[in-house]
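Below sits a lone chain in structure tokens, taken as the form predicted alone.
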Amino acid sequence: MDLDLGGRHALVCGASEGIGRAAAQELALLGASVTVLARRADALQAVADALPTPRSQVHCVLAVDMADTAALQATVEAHVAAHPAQILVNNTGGPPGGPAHTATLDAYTDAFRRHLLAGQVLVQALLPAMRAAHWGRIVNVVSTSVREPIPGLGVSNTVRGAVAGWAKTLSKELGPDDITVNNVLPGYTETGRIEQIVHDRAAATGKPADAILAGMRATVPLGRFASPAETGGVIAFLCSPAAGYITGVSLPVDGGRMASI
């Protein structure tokens, strides 16, 4: 199986922790140079310093807020002018919880800016290098709510569906350039997002956090949450040459939790 990413450069967003950090690690292990992007420069530098360099790759740091689309565009365009990237892992933290019908317009606007508009900025910035190489990989880290909306995550359910539709459209448009576009749908994963969800559910129901966690695990056939590395490995595979004929899919990494096929 050809997993070799030597000579490729990846931009991984939301890479200071969790799934983004794990994806950066796995891509570096496959030989890619990696630029890690998030808001906190100090945390990113620690991530970059810890990335493996089996082929003496050069790893870089970009500290910018995904919500500031103007700054994101300027920062990423300047960076890829010097370090062309053929791999994009589009990933950022999920919106706050709550019902869809009580969410403010600002909550929806902020979520679309962070998830959809930021993704569009990133794709447009990286697309020239992908087309020049006649090779590219775009992987969006989304959510299982693309197929089954999650109670209490109204804004997230809405924007995730929009991202999935955007990605499917891109896969049709960019396929002739040998650029694949896929979504990874993480299930319950041991990240800060789980802590946020448990906190919100405990506040809404009055149940203790341990009981909520046990109930969540009970819905997963494998009986546990994923580690970030397990999801990061799937992302890296979709970026590899071996996945060159996979595009336009939304791949759950959920331990079998979803009921839909």
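Note that residue numbering follows the sequence shown and begins at 1. Predicted model, so just to flag it, every value in this text is computed and none were measured.
The next section is about a form of this same protein that is not shown, the form predicted in complex with a small molecule.
Engineer: Applying a 4.5 Å heavy atom distance criterion, does residue 186 contact the small molecule in the predicted bound form?
Structural biologist: Yes.
Engineer: Should residue 240 be counted as a contact of the small molecule in the predicted bound form, where contact means heavy atoms within 4.5 Å?
Structural biologist: It does not: once the small molecule is placed as it appears in the predicted bound form, residue 240 has no heavy atom within 4.5 Å of it.
Engineer: Is residue 27 part of the interface with the small molecule in the predicted bound form - any heavy atom within 4.5 Å?
Structural biologist: It does not: once the small molecule is placed as it appears in the predicted bound form, residue 27 has no heavy atom within 4.5 Å of it.
Engineer: Would residue 86 show up as a contact with the small molecule in the predicted bound form if we use heavy atoms at 4.5 Å?
Structural biologist: No, residue 86 stays farther than 4.5 Å from the small molecule in the predicted bound form.
Engineer: Determine which one of 74 to 82, 93 to 101, 172 to 180, 120 to 128 lies within 4.5 Å of the small molecule in the predicted bound form, judging by heavy atom distances; exactly one does.
Structural biologist: Flagged stretch: 93 to 101.
Engineer: Only one of 67, 220, 209, 204 comes within 4.5 Å of the small molecule in the predicted bound form by heavy atoms, so just point that one out.
Structural biologist: Selected residue: 67.
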